[in-house]
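Coming up are structure 1 and structure 2: the same protein chain in two forms, each one given alone as structure tokens.
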Structure 1
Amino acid sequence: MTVQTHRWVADVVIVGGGLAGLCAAVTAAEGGLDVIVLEKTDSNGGSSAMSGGCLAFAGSELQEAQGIEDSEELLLQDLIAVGKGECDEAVARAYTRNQLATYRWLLDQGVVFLPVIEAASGQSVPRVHNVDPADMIRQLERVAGASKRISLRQNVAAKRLLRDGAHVTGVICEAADGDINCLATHGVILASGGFVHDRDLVHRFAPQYDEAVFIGGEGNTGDGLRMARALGADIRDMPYIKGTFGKHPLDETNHHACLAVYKGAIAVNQEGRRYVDESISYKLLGDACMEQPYSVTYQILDADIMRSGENRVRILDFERRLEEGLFLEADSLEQLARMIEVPCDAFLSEIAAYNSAVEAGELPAFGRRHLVHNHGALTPIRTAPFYAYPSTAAVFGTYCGLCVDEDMRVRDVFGEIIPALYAAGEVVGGLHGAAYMTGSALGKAAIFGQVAARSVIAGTETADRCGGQE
């Protein structure tokens, strides 16, 4: 690799230093390529480091040890079912075919998985594999740092793709001391994440989320998406940007939602009225919440429900949030109504109607039957003190993006491959379809990072056979 003042050259240039970028870099270096990773912010990790650390794998030794039977085929069926058939099956297959190898490869790199497997929505069998996401990033950074073939460059923002004819030959990037042409002799991998921090772009595809809270790496402003679109790249899944209900709109320390509704709380809007069956999926609760005035509603609970919280489960850890002052607490429902500024009469009659239905064994409004899904009996809201948890929807990723083939080669709007341009991670569209499976977002960063790198390596070999490169 040669480095000149205003020109950098490598075999492959990777845009973004999150999980996808780091996995791609290490894999490409293993294949004998020299790599430059451009990271816009001052540290690697991006959204991956902030994530819940869940990766969906099927058929792992960890599952086997716990007697869980899972397979590539079952995972594929689940992915398609969760995505309501809207996903790109070729991309889903790229996930399922490569996932087990990536799981083992991560272990080889020294990534530590917790000895638990959890089930999550949309999974026929438990298959969430857990890591400490920040530790995983640090470990991969150490591996990349130890490789002589990889140069990790922070505070360098990729701006435009360079082309020679149809062929992508590098990126123009902006560093502290000016613009630099960063040339890639064998290809550019876009691993630049999504665009949760470009609210205008989100608005264009999902205007109902204008007032939601967006959580993700600060660099996620859709740079890769934009650069590829400028070359004619096609995009998909854009309408399926989804939020999760239960995020306190002003709490900056907890990234996770709080779902007191799943322990028996009700949700009321600023008019003091219930508006939804609270037992449905938190994604759908998110949609319902965004339709209410101010896009904020309140989870209302009493002392008994507060006590039924489960401190080991993040979304049900009420006690800590109470200590952090996130719940409003009142001795009476009237006082609570005053504190959250909802009309007192409407609020009281709404709760009275809910309570009497529950006590009479009748169906309360909106047909709520259970605490969550098909589980748990409803309880009235009676015992002081009473609590309100302000809640909106949080969007943790954009889950949509560039159209790619099974080798992560980016396609243009005519379905043709854009030569030497690859994508991996959140910038890739087509895997999730209408909804995503827990663990598949972080999973696709690692898996597709590797797939993209292997495609570049394969492309090199083709070039070698043609005598095009040294």
Structure 2
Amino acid sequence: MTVQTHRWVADVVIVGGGLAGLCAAVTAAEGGLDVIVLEKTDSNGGSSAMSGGCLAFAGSELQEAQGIEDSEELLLQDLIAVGKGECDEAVARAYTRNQLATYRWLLDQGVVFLPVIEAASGQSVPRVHNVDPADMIRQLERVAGASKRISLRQNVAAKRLLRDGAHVTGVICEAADGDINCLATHGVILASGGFVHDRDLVHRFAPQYDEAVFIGGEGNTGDGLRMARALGADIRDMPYIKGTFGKHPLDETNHHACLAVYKGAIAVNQEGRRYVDESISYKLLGDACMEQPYSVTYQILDADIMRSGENRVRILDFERRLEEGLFLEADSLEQLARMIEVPCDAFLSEIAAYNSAVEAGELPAFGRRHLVHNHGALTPIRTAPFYAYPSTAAVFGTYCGLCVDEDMRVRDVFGEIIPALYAAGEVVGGLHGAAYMTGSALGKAAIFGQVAARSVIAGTETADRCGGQE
């Protein structure tokens, strides 16, 4: 029996229908290219649609309207600092150089942004531009669907990259009606996400997260990473896979972290003791949490902190979590200690020491100075009722991946460009380094999707000027 192989052809083939893939597709179509987007699941969006909806932009009109002074250079400094100098500066500069244009482009596509929020990790000034992530994906889908140049193909799994000599020429795919050779005359963009749903890969690079909760698009199994590595692509930042602190360990209905610590809560372990500066990146908080007994700790807050939540931001929507029964509530700290089964004397002593330092204007243990990063004044935990939010670390994204240059061209292990192969979004390594700035993952999906598409367009124009010879 002969298995029929179908054949599709476009100027550019994009693997993955999340934010990076959709931004790349619309940008490429605007540049006059015909596009095929391959999505292995039955719906677009991937991890982007499940995210907290935070994008990090600097110098926007939204910031200006709120009196926030920010700049491309300050954003770059923050990215390098929060990444502990481990990021690829060329990739970070690609982010900062293109971010404001991408923000305005998203506005032009009909994406709606809420006011900038303050409670964000790794930012010298507030720069989280918040969206409803599912609405953003739906809007970009509408734009893509209205373009005669874009074909969105779902339930099509990319398996291998095709090459002619050194050049990548397409993708071998698997669909319901057989194998497909999806040919790309000008380039392939890998926007396939990370690998949160491949526990073997996670264990290989970050065994300390074997017991973590894993949340992300169901298609995030490392396909793009494997396909590129098969051609010799280099990878980076793999040791820095990190979980996000604040995921309820028992709740399977809410896929988001709760970060009451960024409004003044403290984090205590099973011994009733604080163990970390709660203002640091929630990725580093995730590392610290995983080192505690049973990898589960508690965010402790009072009525004043509960009221300070922001219902328009998922990670700060405390009232909704309370309504869902995810917070434990008590009339006294003694009762709360019994409810979470920690040693009462140690717990009370820890909170008393923290409150005393805050009220005296002194640094509490672990050197906490602010609510989050450099923002917000600490407050004592004194006003009943009191609350505890059980918390572990959840791996929402792998934040590492392929080595690329500033134009999102994939590099091999010798640092050479793999011709006609590009990457965007979570599959890209080099931006985050050792830690993570709030909004930079979703930001890099949109920004690098655009950058990759523009690079394909530029390569096409160069080939045309040279009579088809690169």
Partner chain sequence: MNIHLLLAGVADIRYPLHAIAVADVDRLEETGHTRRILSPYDESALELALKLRDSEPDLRLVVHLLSGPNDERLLQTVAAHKPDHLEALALLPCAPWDACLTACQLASALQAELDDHSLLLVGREFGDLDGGNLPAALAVQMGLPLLSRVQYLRWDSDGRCWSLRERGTQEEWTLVETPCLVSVSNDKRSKLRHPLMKNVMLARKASYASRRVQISRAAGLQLGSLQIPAERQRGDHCTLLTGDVSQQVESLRACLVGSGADVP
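Residue indices: 1-based, along structure 1. In this text, the rigid core denotes the largest set of C-alpha atoms whose superposition between the two forms falls within 1.5 Å. Every value quoted in this text rests on a predicted model; they were computed, and no experiment measured them.
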Which number belongs to the form predicted alone, 1 or 2? 2
Assuming a two-part rigid motion between structure 1 and structure 2, is residue 149 grouped with residue 238? yes
Angle through which the smaller rigid unit swings between structure 1 and structure 2, given in whole degrees: 22
How much does the C-alpha of residue 261 shift between structure 1 and structure 2, in angstrom, given a rigid core superposition? 6.8
